[in-house]
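The chain below stands alone and is given as structure tokens, in the form predicted alone.
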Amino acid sequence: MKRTDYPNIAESLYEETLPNGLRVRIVPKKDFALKLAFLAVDFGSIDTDFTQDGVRKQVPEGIAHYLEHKMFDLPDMDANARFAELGASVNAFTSYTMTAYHFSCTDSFRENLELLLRMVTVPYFTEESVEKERGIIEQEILMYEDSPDSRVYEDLFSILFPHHPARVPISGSVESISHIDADMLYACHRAFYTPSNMILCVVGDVEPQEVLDIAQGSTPSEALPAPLRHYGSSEGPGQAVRSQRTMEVSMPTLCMAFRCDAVEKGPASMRRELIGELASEILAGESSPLFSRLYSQGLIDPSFCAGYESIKDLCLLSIYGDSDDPQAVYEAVLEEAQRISREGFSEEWFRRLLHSSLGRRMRDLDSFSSICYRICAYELDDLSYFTFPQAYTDIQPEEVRQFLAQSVCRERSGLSLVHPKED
């Protein structure tokens, strides 16, 4: 097993890939009572069109999330109840690009890890249980549809990426999940829930070799390749797009975003992520001139925030908040981006933001769940997360200025609005 020490962040990482392809990552935390295991599957809501064994398949939207729900059923037990008996707290989530199952415990770690691995690698679906789950997921979908925060974000993706499966909400729709049956769930499990398409990350006071032995003894020996995925045509800069709806809100909610050029996997993607985060702070973060000006004018409130994210080959800088005049906020953001492109910003402010960003990531190392999530997410992009301090060392202000000049413009923008219903 390979051990790599990172003295600049006081962490060590053990790495091994089992013969079946399962990647195992272990971060020892001596003398901590809590132990956390995180099993990530490289299968998200956007993976609905794929080729396996030479056959192209299309499955209903929302099936990754549906499969996540059903993986807690085992032939001889309810995994949720068994985790509770073993004193563990267990949960799972589905994103655009990943399905993850995780538990934390202080005792019975071996039993809990064996149960987690068995639960995720042993499919068990009946038509009766699949049908029963449909109603539960329908209620979840309807709950999100009634949430202004969810609707404004999902509407934005639907107009910003019209040719990409990210345009569809992670849970799918009531109509799309009505077509899911047990055979489809088995097919997706066979395609994506193979050990070579998974990453197991464990953080806590554990013996790395013991974790490796448990993983090897609790997962299938067969190593199957992951299927070829199809995401549709590439999304270019395009033109400005807009979505509007009315809901039960007290004031308009806005979410705007700007399509950014994608970069290759590896160090370039980590560097771009940091540049994007810094650019969003400089453009519209709490310490930015734009935030101060819009806040003093009463155009925004403290909910106003900006950030950068990527979904496989999609990248975007987004801004969210409430405003009585969302059009004025939208125009102000574009004007500020143009001003920064011409005039730049002070290097002192840039360095302060750089150090603040690095400090937040260092503080995140206190969270076992954050460590596990980031290690797995970065591993899916062919990166070792603990190298992040190196990425901060040579980012220059000019790179951030150029990023804003290229990315934040009207033709790359999408604006999603939720207006209050009129009396």
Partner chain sequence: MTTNIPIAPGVTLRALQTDKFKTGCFSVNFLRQHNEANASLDALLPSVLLRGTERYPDMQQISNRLDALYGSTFGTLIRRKGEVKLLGFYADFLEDRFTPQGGIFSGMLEFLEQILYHPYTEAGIFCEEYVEGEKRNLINAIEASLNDKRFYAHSRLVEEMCRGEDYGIPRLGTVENAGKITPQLLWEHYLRTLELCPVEIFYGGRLSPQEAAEAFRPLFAHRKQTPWEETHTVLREAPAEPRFVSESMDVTQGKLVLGFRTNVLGSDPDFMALCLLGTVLGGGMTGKLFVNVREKRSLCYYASTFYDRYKGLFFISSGIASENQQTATQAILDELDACKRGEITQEELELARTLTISGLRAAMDVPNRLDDFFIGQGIQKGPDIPEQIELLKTITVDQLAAVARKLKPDTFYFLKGLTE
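Positions refer to the first chain, counted from 1. Quick caveat, the model's predicted, so the values are computed rather than measured.
One more form of this protein exists, namely the form predicted in complex with its partner chain; it is left out here, but the text below deals with it.
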Answer with yes or no whether residue 140 is in contact with its partner chain in the predicted bound form, where contact means some heavy atom within 4.5 Å. yes
Is there any non-hydrogen atom of residue 362 lying within 4.5 Å of its partner chain in the predicted bound form? yes
May I ask you to state whether residue 321 is within 4.5 Å of its partner chain in the predicted bound form, using heavy atom distances? no
Given that its partner chain is not shown alongside this chain, does residue 288 nevertheless sit within 4.5 Å of it in the predicted bound form, heavy atom to heavy atom? yes
Answer with one of 249, 305, 174, 122: the residue that has a non-hydrogen atom within 4.5 Å of its partner chain in the predicted bound form. 249
Just one of 296, 221, 233, 239 has a heavy atom within 4.5 Å of its partner chain in the predicted bound form. Which one? 296
In the predicted bound form, which of 33-41, 53-61, 393-401, 374-382 comes within 4.5 Å of its partner chain (heavy atoms)? 33-41
Within 4.5 Å of its partner chain in the predicted bound form, all of 190, 331 and 414 (non-hydrogen atom): no
Does anything in 347-383 come within 4.5 Å of its partner chain in the predicted bound form by heavy atoms, and if so which residues, in order? 349, 352, 353, 355, 356, 359, 360, 362, 363, 365, 366
